[in-house]
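First comes one chain, alone, set out as structure tokens in the form predicted alone.
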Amino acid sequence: MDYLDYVQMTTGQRFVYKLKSFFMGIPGAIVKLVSIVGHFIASFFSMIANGFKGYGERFSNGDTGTKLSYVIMGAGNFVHKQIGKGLLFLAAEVAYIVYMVSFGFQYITQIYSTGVNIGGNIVNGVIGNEGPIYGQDPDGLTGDVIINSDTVDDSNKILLFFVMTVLITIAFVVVYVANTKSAYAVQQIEQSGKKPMSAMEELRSFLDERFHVTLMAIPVILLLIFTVLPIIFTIFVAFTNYDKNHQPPGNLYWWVGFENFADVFYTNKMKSETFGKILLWTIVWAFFATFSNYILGIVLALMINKKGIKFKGFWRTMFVITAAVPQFVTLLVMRILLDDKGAINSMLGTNIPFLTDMSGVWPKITVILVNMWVGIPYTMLISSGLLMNIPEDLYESARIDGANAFQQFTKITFPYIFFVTTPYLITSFVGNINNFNVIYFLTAGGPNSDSYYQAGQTDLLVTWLYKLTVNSSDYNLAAVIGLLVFVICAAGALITFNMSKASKNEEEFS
């Protein structure tokens, strides 16, 4: 379609055309995303290949000190009189060897079996360095058996320390490669007739030209410990049978491959149907929760910022108060008001099951409406700031051309706000997919249904995940759900953003 045909369309036709173009563009966006992921993977392996190439070139072109540093870390620095730096590399190598020999290697070897199962859940006893652990007889005999706690393996401990050992090994490899690069670099400096940096000069550089390394060191370490380590642990758990029947150390869990994923998608009928229903409701909820807040927030901002409206600051303050009150307090109060015998039903003289309708219709409508109450003020604040930045000349030109208020909104106001707030809109959608508070504090995922596996009619994927871990100890299934939520959110956000004008035309607004 050419531009002339497009401008001759009515507003409704343009909306249908854009909607059709959006959905028709999804396959292309998916292909683009796959291409980006493939390019990233190819770049990663290319980087690894170049790393091996450089590793070999440094060895072949290196002097005695550089070659020796491939075995004894820091040797190249010692040879070229960088004693302090050499000691640091040598200390890292010694520390890693001691760690692996005394602690890490045993968890590498045990990861295949995730421990020796003692045969059942703990019946009674004390878990610790002292005192026995009582477990079921591993041979199936009646009565309890006393097992020395020092001989009991713990699947969680094995898996956690295995992941930690892998991360430490990766960090050591990075330091090891840096050691070879440092040895070769100092060799080249001396061969060029220059003097290598002293230890004090190296330290001062971390407060000057390499200050960014100093600033990022602690955040990266904390990120690895508190984010990367749990994520990798969760990924591994998704491939085990870690549930209420396999609780270490009394009864260990083991690897089951893709069995949990198969249960979620087709093998286990109740689990797969529950996942399908909750996924559909999660998408519906996220759509209405996002766009109702977005559209009505913009409308509210337009009403308040309209010329002739008095006490604009007062009206903004009144709506912002709902955002100032802690969200969980508002939700708990609304839960009390909307109870079957709450204030709203009493005042109306009705018995509307706002939160308890077994069909799930009323609770789903209710959570969407309550979310509008707590969410619209945020969009109103953002839109108010954007409305003040739209050049008045655009509106004057539109009025001269005969555009009415609705046309000015559809041609100027909304396109401008949408262009600027597209990233916010995407993050809001992803945030609503994981909106734990509104669902949990209002309905707790209820009303419960026998056709759902450990879930209720209004549960989102994230609240179902919470119930699986806290209520039923189905950690393996919860890990699968967590991974699927991540894939859905990440893929959806990347595809949508790459299709938007905010991504394609970052430097302009049209």
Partner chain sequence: MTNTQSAAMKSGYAARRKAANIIIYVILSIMVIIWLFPIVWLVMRSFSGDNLIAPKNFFPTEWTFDNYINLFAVWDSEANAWVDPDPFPYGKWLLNTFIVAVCSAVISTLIILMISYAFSRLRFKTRKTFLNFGLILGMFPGFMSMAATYNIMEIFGLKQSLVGLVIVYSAGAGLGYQVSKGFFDTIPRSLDEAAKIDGATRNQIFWVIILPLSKPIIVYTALTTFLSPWADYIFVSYFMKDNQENYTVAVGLYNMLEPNYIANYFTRFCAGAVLIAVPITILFVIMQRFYVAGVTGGAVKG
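We call the rigid core whatever largest set of C-alpha positions still superposes within 1.5 Å between the two forms. This is a predicted model, so every value here is computed, not measured. Residue numbers count along the first chain shown, from 1.
Unshown form predicted in complex with the partner chain; subsequent notes refer to it.
Visitor: Can you say which of 434-442, 77-85, 357-365, 284-292 gets within 4.5 Å of the partner chain in the model of the complex, counting heavy atoms only?
Guide: Residues of 434-442 come within 4.5 Å of the partner.
Visitor: Of 178, 229, 352, 398, which residue is found within 4.5 angstroms of the partner chain in the model of the complex when only non-hydrogen atoms are counted?
Guide: For this set of options, the contacting one is 229.
Visitor: Can you work out which of 100, 426, 111, 160 has a heavy atom no more than 4.5 Å from the partner chain in the model of the complex?
Guide: Checked against the cut-off, the match is 160.
Visitor: Does every residue of 321, 381 and 493 put a non-hydrogen atom within 4.5 angstroms of the partner chain in the model of the complex?
Guide: All of them do, each having a heavy atom within 4.5 Å of the partner.
Visitor: Quick one: does residue 267 come within 4.5 Å of the partner chain in the model of the complex, counting heavy atoms only?
Guide: Residue 267: no contact with the partner chain in the model of the complex.
Visitor: So in the model of the complex, does any heavy atom of residue 300 sit within 4.5 Å of the partner chain?
Guide: Contact with the partner chain, yes.
Visitor: Residue 192 near the partner chain in the model of the complex, any heavy atom under 4.5 Å?
Guide: No, residue 192 sits far enough from the partner chain in the model of the complex that none of its heavy atoms falls within 4.5 Å.
Visitor: With a 4.5 Å heavy atom cut-off, would you call residue 466 a contact of the partner chain in the model of the complex?
Guide: Yes, residue 466 lies within 4.5 Å of the partner chain in the model of the complex.
Visitor: Considering only 359-384, what residues come within 4.5 Å of the partner chain in the model of the complex, judged by heavy atoms?
Guide: Counting only heavy atoms within 4.5 Å of the partner chain in the model of the complex, the contacting residues of 359-384 are 372, 373, 376, 377, 378, 381, 382.
Visitor: Could you tell me whether the Cα atom of residue 169 shifts by at least 2 Å between the shown form and the other one after core superposition?
Guide: No, the C-alpha position differs by under 2 Å between the shown form and the other one.
Visitor: Compare the position of the CA of residue 56 between the shown form and the other one after a rigid core fit and state whether the shift reaches 2 Å.
Guide: No, the C-alpha moves less than 2 Å.
Visitor: Once the core is aligned, does residue 404 move its Cα by at least 2 Å between the shown form and the other one?
Guide: Residue 404 C-alpha, core-superposed: shift of 2 Å or more.
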